[in-house]
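Considered here are two forms of the same protein chain, supplied as C-alpha cells in two stand-alone entries, structure 1 and structure 2.
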Structure 1
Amino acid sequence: MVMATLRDLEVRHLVALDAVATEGTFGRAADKLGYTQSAISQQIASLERLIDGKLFDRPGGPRPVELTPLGERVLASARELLARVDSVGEELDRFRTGEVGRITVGTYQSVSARVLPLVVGRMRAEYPDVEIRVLESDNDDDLDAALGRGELDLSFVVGDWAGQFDSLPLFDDPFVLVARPGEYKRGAVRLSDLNGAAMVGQHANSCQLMNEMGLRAAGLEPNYVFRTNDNGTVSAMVKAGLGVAVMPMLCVDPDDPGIELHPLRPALPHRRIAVAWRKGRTLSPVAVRFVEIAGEVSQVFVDRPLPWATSAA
C-alpha cells in the first residue's frame, strides 16, 4: 500500500523535509524556502500520510524538532533523490546550452574533405564535450534512407530537398574540366572540343549522373576509359595523361600544379550543396549550432576566387 501511494510523492515534499531537518524548526524552514509555516506543515503532513508514519518528534516551544528513526531513513533517501534531481537539472542546462550532447551526421567524399573539417573544427572549439559521429557514403540513397529512419540527425545532401526534408542550402558547386596544364588554352573550353576525348569518370552517383546528363544534353557522348569513385584517383589519372575529367570543383584541389581547371561552355547545371534534416523534427541545440556553423563556413566557397580568374590575373 505504501509503495503505491509513493507514486503521489512530489519533490516539494522532499525539499520541505530536508529544510526542516536542516533548520530544526518549521518556522526557519519556511523562511529559508520562502513559504508560510503552515505551508511547510502541510507538506510534511502530506509526506507522513504517504509513507504512513511519523517523521518528526515535536517537543514544542523553542526547542528544535527531531527526526524519528523513520524520518532519518526517509531523509537519507530524500537527499539522494534531490541530488539526482539537481544533477538532472544541471545536465539539462548543459544540453540546452549545447555544452553536451551527441550528433550523427551523414556526409560524402568531397564534403568530408573540404567542408566538414571546417565545421568540426568550429564545433570542437565551441563544444569540446559534444560527441560527433559521422557516416560517409557515396550512395545518396543510403544517406537519404538513414536520415529518414532517424539514424542521422543531419546529412549533407546534393540538390533541393524541400519536398522530403527540411534543408539549408549552403552553396552552388560548378562543374569544371580537369586537364593537364597546357592541354587546353587558358579559360573556357567548349563542350564540343571534348567530343571523342578520353575521359576519367566516376561510377553512378548523383553527381556523376548530373554530369553525364549535362554532357549528353549538349550533344556530347562521353568516352570513359576509366571510372573510380575516389576523387584523388580521378585527378591522379588526369595528371598521368589517361584522360580529362569533368568534376564538381569541390572534388578537386585547385592548387594542385599537376592539373589545370577550366570553365565549360555552355556551363553544366551546378550542383547545390545543402545540409538536411527530417521534416518537422525538432533539432537539438547541438544540431542547430552545427547547421549554423555549416552555413557560416560555407561562405568560404561562395566567395572563393575561380582558379582561372586567378591564373588570368
Structure 2
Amino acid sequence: MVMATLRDLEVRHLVALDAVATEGTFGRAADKLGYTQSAISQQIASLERLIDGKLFDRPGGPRPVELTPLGERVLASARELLARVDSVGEELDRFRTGEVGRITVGTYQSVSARVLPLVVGRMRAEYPDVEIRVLESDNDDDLDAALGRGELDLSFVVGDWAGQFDSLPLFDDPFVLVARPGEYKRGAVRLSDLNGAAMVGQHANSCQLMNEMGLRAAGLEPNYVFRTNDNGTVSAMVKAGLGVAVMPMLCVDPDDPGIELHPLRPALPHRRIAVAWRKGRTLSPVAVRFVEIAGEVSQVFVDRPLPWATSAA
C-alpha cells in the first residue's frame, strides 16, 4: 500500500467526479458513463485516496450524495482540467488538418523571387491561419546548418543532399549566358567564345563555385571584373556593358528586354533545385502540403521555354 499522489490522477477520475456531481448519485453517473455502480464507487474512492480527503458526503439510505467543501473545490478544478483536455484535443485536430500550425522555410534569392511566391500564395489560400516564416540567406551553409539544427522545418536547397537530408527534387535549373541583346548571335554560345571575356559573377557560394568549376573544366579561365550576390545587380551590370555573366537561369528575369539569354555549348552541369528536410524526421501536415505544392508549382519551371525561344519572343 503505497501513498497515492496526484501523479496517479487519470482523466477517468475527473469524468467520474463530474458525472456524479452532475447526476447526484453514483448509480446514475454509472449509467451515464457505461459503468456499473460498483465501478463508480471504486473510482471515487480511488480519487478520494489520491486527493486524501472525502469528496462526497454519503447520507446513507436512499438520499443522493453531496459534495463536501473539498469536493466542490476539486470539482471546480476537475472541470477546468477536463475543459483544458478537450481543448487540447480540438487543437490537435486542427493541427492535424492544417487548420493551425506554423512552418519555417529556408530559401535563397532566386527561389525567393521566382518560386516561393507561387508556393506561399497557394498555401495562404489553402491554410489562411497557418503562419509561414521564411529565412533567406545568401549562404547555402547557413540554411543547411539551420535545417540540421531543426530551426527550419524545410529548406530549398541546391543539389542532392541524400546523405543528410530527405528531399523532393523540384526542377533542374541550367546555367545560361547573360549578355546584352545582339552581343552574341541568337542561340547557343560556345564556352570557348567566352575566353577572356569580362565577366560579372557572384561571390563564392555553391552556385558560383559550380559555375566556375564548369568553366575551368572546359579549359577557360574566367575573368571576373565584378562580383555581387544580388542577382538584379548582376543583370544590371551586364546591361551596363560591364561584361557578361554565366548564371542559373532562375536568377535572371526572363522578361527583362535589356538582356539576352543564351544556352551554353557544351552545357555546364545544371543545378538541381530541391526542397529538403531533416532525414527521417516526421513533417507536420502543413509541411507535407508545402512540399507537395512546391512540387506542383515547379512544373512551371520544368516546362519553361528554353532561353533562345525566350529571347526570340
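Numbers follow structure 1, counted from its first residue as 1. As the structure is a prediction and not an experimental result, all values here were calculated from the model. Rigid core (definition): largest C-alpha set, two forms, superposition within 1.5 Å.
J.: Quick one: identify the form predicted on its own, either 1 or 2.
T.: It is the first structure (the form predicted on its own) rather than the second.
J.: Return yes or no for P59: a CA shift of at least 2 Å between the two structures, with the rigid core superposed?
T.: It does, since the P59 C-alpha is displaced 2 Å or more between the two structures after the core fit.
J.: Using the core for the fit, does the CA position of A267 change by 2 Å or more between the two structures?
T.: After core superposition, the displacement of the A267 C-alpha between the two structures stays below 2 Å, so no.
J.: Is V11 one of the residues whose Cα moves 2 Å or more between the two structures, with the core superposed?
T.: It does, since the V11 C-alpha is displaced 2 Å or more between the two structures after the core fit.
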